[in-house]
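What follows is one chain in structure tokens, specifically the form predicted alone.
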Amino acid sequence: MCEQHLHDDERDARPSGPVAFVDELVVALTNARIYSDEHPRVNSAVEVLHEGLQHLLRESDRGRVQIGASDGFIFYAGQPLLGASLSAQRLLQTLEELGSGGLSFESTTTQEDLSSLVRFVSREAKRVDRFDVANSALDKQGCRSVRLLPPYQEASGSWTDKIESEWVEDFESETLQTALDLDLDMELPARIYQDVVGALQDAMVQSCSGKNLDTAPAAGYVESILTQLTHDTTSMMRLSRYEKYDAFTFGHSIRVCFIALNFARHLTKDERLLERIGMAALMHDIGKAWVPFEVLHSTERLSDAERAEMNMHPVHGGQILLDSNNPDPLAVSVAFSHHQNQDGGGYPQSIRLARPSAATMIVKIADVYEALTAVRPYKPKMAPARAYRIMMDMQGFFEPSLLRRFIEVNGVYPVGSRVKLSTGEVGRVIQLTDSPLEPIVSTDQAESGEGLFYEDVQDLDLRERFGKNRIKVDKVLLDAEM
């Protein structure tokens, strides 16, 4: 079984707002690619989606909710949503192919209307080539409260009949600039991330449908990740620090891939080996596709039987990759062994006692580090320094010298981390130095909270003195949703 949304018991803790709504739309679309229209998982995903829409409608003073799509980003109320955009590659691609600038939901939108939209986008959209034709197809299904919108650039035409003119003005004058401020150099990393999410969604659908996994598309994206890491470490690791919880395991797998690759490239210059390690990291949890939904998303302590089921995901992962169209023994080994420990403990138990390979230990370190430092509904974000202390205390889990090297490479304040300085300014770590507590930070927000103009941005080497004082990192911040 392969389920892509949260357990019913988690609804009280489920995030709300436009990002969560887009995430749930992607969840529903992914489920619809796997299951029949009447499958409980599809119906449940649409129900959750409808709840999210009702939340947004209560906050809206327009009586409708509009989700924009342009240039590879999702927009809401004139603002680009980075997290939602990273997960919505297939949705964005479909809207682009239809020449659509987004989706509009009226206050009268029902679950049946959302079911029609999900069914159309996931299965039928490929048969039409224009958004207006798509709207006609939705009309025939009785869905008249959900519309595919014209492209944003048509603001002088039909846009004015469908949305308030001030939102068009916001988009044209400020939103594009805000998207650029996301940073111009973030555009390529974000698109790579989106492509990888799309590849993982396809891999999940293939695995759940009983088809042999085709790893070639994902392998190509791993090459892009490695190239971008080499040329622009800061932007790529910034995405790896994007700890927003999403409804998928995809984000975790991609972040583990980034972290493992960034570490591994400090250990070897063999590009082919690095690509194989990156692919293994990306697919290390593919076996969770076969773990029952009730177990994978349980909010209560697992029973012995449920824990045994969960602990089968490395075995499932090894089998899925072994049966893939082009199996790599390294990736198969990592999927199978990433929960085995250096001292022989962990799971699954092997007939022969053998220490996990270096590649497996690299992925294992990245896997545990990401899990500790990422936000989850049931726990807050953990600072890297605290995560390191916990990992150092996990006797027998890791190869000690490799873990020490990881801490040295990753840093107390990893590249890409958003930090608040002792001056009150906020910035992003762009480079580590020989002093672990004194990285180079690029400031982008003043003590007052106001964003800095480009010419006022400073790259501060915290090893240097500024006047009589030494500037220090006060704390690591969670990236705000955009």
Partner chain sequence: MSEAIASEAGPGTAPEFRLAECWADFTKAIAIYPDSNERVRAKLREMLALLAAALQEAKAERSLDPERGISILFREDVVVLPSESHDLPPSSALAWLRTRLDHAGLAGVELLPEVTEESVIGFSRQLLANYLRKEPGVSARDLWPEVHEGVVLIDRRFDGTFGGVGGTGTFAGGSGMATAGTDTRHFINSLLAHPKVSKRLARIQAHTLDQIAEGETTGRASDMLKTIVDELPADAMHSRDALISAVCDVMEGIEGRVGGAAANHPASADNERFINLMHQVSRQHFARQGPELERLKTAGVVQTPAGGRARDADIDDDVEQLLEEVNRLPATLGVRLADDAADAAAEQLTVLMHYLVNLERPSELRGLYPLLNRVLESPGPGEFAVLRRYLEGEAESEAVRMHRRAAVIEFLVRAGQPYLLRACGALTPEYVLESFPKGFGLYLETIDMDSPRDAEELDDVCRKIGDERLLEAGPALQGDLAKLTSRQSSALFNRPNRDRLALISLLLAHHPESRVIEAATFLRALDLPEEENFLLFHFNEFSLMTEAYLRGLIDLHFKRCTREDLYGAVSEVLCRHILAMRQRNPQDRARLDSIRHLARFPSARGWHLLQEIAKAGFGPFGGKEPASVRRLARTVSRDYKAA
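Predicted model only: the values in this text are computed from it and were never measured. Numbering follows the first chain given and starts at 1. Heads up, when I say rigid core I mean the largest set of C-alphas that superpose within 1.5 Å between the two forms.
The protein also exists as the form predicted together with its partner chain; that form is not presented, and the subsequent description refers to it.
**Q** What is the one choice in 208, 383, 77, 296 with a heavy atom within 4.5 Å of its partner chain in the model of the complex?
**A** After the contact test, the surviving option is 383.
**Q** What is the one choice in 405, 144, 191, 252 with a heavy atom within 4.5 Å of its partner chain in the model of the complex?
**A** Comparing distances to its partner chain in the model of the complex, the residue within 4.5 Å is 405.
**Q** Where, among 118-126, 84-92, 307-315, 98-106, do residues come within 4.5 Å of its partner chain in the model of the complex by heavy atom distance?
**A** That would be 307-315.
**Q** Is there any non-hydrogen atom of residue 292 lying within 4.5 Å of its partner chain in the model of the complex?
**A** Residue-level check for residue 292: no, no contact with its partner chain.
**Q** Contact with its partner chain in the model of the complex for residue 349, defined as at least one heavy atom pair within 4.5 Å: yes or no?
**A** Although its partner chain is absent here, residue 349 would touch it in the model of the complex, with heavy atoms inside 4.5 Å.
**Q** According to a 4.5 angstroms non-hydrogen atom cut-off, is residue 438 in contact with its partner chain in the model of the complex?
**A** Although its partner chain is absent here, residue 438 would touch it in the model of the complex, with heavy atoms inside 4.5 Å.
**Q** Please determine whether residue 390 contacts its partner chain in the model of the complex, using a 4.5 Å cut-off between heavy atoms.
**A** Contact check for residue 390: yes, within 4.5 Å of its partner chain in the model of the complex.
**Q** Does every residue of 114, 342 and 370 put a non-hydrogen atom within 4.5 angstroms of its partner chain in the model of the complex?
**A** Not a single residue of the candidate spot has a heavy atom within 4.5 Å of its partner chain in the model of the complex.
**Q** Cα of residue 434 displaced 2 Å or more between this form and the one not shown, core superposed?
**A** Where the cores coincide, residue 434 still shows a C-alpha shift between this form and the one not shown that is 2 Å or more.
**Q** If I superpose the two forms on their rigid core, does the C-alpha of residue 42 end up displaced by 2 Å or more between this form and the one not shown?
**A** After core superposition, the displacement of the residue 42 C-alpha between this form and the one not shown stays below 2 Å, so no.
**Q** With both forms fitted on the core, give yes or no for whether the Cα of residue 69 moves by 2 angstroms or more between this form and the one not shown.
**A** No, because once the rigid core is superposed, the C-alpha of residue 69 moves less than 2 Å between this form and the one not shown.
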